[in-house]
Every structure is written in structure tokens, then in C-alpha cells.
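In the block that follows, a single chain appears as C-alpha cells, in the form predicted alone.
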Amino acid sequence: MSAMDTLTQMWSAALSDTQKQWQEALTKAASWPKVIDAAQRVRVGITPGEPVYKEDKLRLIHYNHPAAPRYETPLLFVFALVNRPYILDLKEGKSVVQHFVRGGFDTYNVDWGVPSDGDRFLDLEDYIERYLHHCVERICERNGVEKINLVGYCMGGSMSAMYAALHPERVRNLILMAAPVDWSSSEHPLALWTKEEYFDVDKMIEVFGNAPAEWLQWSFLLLRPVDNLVGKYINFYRNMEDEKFLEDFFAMETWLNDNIPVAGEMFRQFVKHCMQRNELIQGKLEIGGRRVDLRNITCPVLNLTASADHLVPCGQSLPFNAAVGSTDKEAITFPAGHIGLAVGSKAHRDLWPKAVEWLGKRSR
């Protein structure tokens, strides 16, 4: 039997199973009102907060605290440009933000906003040296401090590492979450797809202006097509009478389908200089005429990776610890996926209390 025949059989079996589950779901007429109600009740981004700084599309969110913060050093979350940042504050019991707010940190989050066609020329310098730096300056001014704690997730972690290397005087502690910094391996599908010989990012941005949200979403979905396009819905049909499952499912679906485009020049530079040429880990990346040297990072570092991460394999993140100049550095590989690191029940039970404790010991 050929490989193509085997693949065809696998897809046929999966689709047959999906059809069977769908037919069973249709017979559960009593469950559908519960499903519809759960979909209508879904709420995301549950920690109260308000914008304290705005620039162009960007908003800097400050979270309300039930009591005065315990620590003098404030905390800033930096998420990727591809999706909305409320994945870090998804719902009650699945909020990384709440761990740090309740742990006594004055906490902020960057909402990059949605770039329009007119933002296609925003680049790495705009995002690192203007937007992110202005957020840090605003937080330091509001809190009367010289340094902040920085937590960067996914692409936001890569950007946080760049910022910490260019402005070490502003970062007291750095936590990375599934943050790619070394793209030397091409075994991972996303690394293979974005290789220069296969992906002409210049031509794409010339055509589209910004990296389209729909194209980005489907690229991520196709990294695990069976799980994302078949298995997820089979699991839904099997659990559609479970109210807690429905709440979690629709909260995640709300975020997963809330994609936004990425500013064209920023996307082009990140793909070309980081993903294709691997300049960040090599110390060759330049932003605004300044070289990004990771050895300039001497603050304590906590590097969190997920062992089942299909988007950012551990091998793309772990080399960061060897590249920085810090002496206080730790890496934790947790049994979760890329998103599970932020919303997984085990992560909230076992990982994030440790991360809060780690940061508390190193914050004023």
C-alpha cells in the first residue's frame, strides 16, 4: 500500500467518525439549548482594567487591584501581534494575569490594536523602540520606578528579549513563555514553510500590504489539520452536555477566531531577519541602527517552554539561556501545548504559582 493510500484511508476514517458523531449529536436535541446558552454567555478578558496610555492603535491596560500591590516593581505582559492579548486573561481559573495580580504585582498588558492598511509600513523599530519603549516609560513614570518586570509570550517573548537587550537598564526580571529566539532547525513544519526558497515574504507583503488575519489563522490550523479540523469537533460532540466543557470550549473558540492582521513591514522584517536568517540568536539583528546583543541581558531570566508545543518547539526557546549574560537564569519545560501553557488547568495549578513565587523573590 502506498503512502498516499494510507493517508487517504486515515482521512476517510476520520471523516466517517466525524459524520457518526454529528449524527449522534443531532439526536441529543435536549443538549442544543444548553450549547446555545453557553455560546451566548461566554465572556473573555475577565480581570477589570482600564487603558492608561494610548498611541495610535495601541492601548496599555492597567489591571485593577483588590488591595495595594505588595511589590514596588510593576509587571508588563507582552503578547504576540497575531492574536488578542486576552489569552493571558481568558476566564476565571484560566487567567495568568490573575495569578500575578493576586500575587501582589501592579500589572499591565499591551493591547497592540488592529493595524489598518495605513499601518503597513510600521516596522521592528516602531514596535520595539517606540510602542513598547513608550509603554515601559509610561509604567515607570506612573509607578515612580526605574525598572519593570517583563513577561513575553510567543512572538511577544521574542520582542521582549529584543527590548531587554536594547534597554537592560529598564528590565529588572524577564520571563519568557514559549518564545522563539533560535530558528536554526528546519524540522518543524512552520520553519520549513517559511524557508526563503519556499516563501517569498517580500512578494506577499507587496501584494497584501499587511499579513492577512485569515491567512495567518489557516497557517496555524494546518500545522495540526486532523486535530484542529476534525478531532476538536468530535471532542465537542462527545462533551456537549458538559457545561464546564462548553464554557471552556467557547472561550477558546472566541479567542482562536479573533485573529488580527500583522503590519506588513513588521511581518516582513520578523520573517526575513529572524525566521529565515536567524539573526537574533547570532547577535546580527539590528533595530534602528543598533545591534541586538542578547549578552546585554544580565537580569534574572525564567524561560518557560511547553514540551508538546507544535508552534514553538522547545529547541527554538531553550538556547536563549546560553545566549544571555545573566547568571541567575532558569528554564522550565512544562507538559503542555503552546496555548496550554497559558490556559491549561495543570499549568494554572502547578506552574504559575511557582512563576509568581520566582518573580516575587526577585522583585522589590
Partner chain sequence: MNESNPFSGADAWMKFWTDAMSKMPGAPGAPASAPPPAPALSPSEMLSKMQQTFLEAWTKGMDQYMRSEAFLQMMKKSMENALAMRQQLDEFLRKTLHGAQAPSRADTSDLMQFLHTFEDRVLDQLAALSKRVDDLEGGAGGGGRTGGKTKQGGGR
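Treat the numbers as computed from the prediction; the structure is a model and nothing was measured. Positions refer to the first chain, counted from 1.
Keep in mind that the form predicted in complex with its partner chain is not shown, yet the notes after this line are about it.
Site test, V207, V226 and R290 vs its partner chain in the predicted bound form, non-hydrogen atom cutoff 4.5 Å: Yes.
Position in contact with its partner chain when the complex is considered in the predicted bound form, options V114, V230, L256, C140, heavy atoms within 4.5 Å: Answer to the contact question: V230.
Among the candidates R277, H167, K284, R102, the residue which, in the predicted bound form, approaches its partner chain to within 4.5 Å (heavy atoms): Answer to the contact question: H167.
One stretch from 73-81, 122-130, 146-154, 246-254 that, in the predicted bound form, holds residues within 4.5 Å of its partner chain by heavy atom: Correct option: 122-130.
Contact label in the predicted bound form: K54 to its partner chain, heavy atom within 4.5 Å: Yes, K54 lies within 4.5 Å of its partner chain in the predicted bound form.
F236: touches its partner chain in the predicted bound form, heavy atom cutoff 4.5 angstroms: Because no heavy atom of F236 falls inside 4.5 Å of its partner chain in the predicted bound form, the answer is no.
Contact flag, P189 vs its partner chain in the predicted bound form, heavy atom cut 4.5 Å: Yes, P189 sits close enough to its partner chain in the predicted bound form that at least one of its heavy atoms falls within 4.5 Å.
Any non-hydrogen atom of H134 within 4.5 angstroms of its partner chain in the predicted bound form: Yes, H134 is a contact residue.
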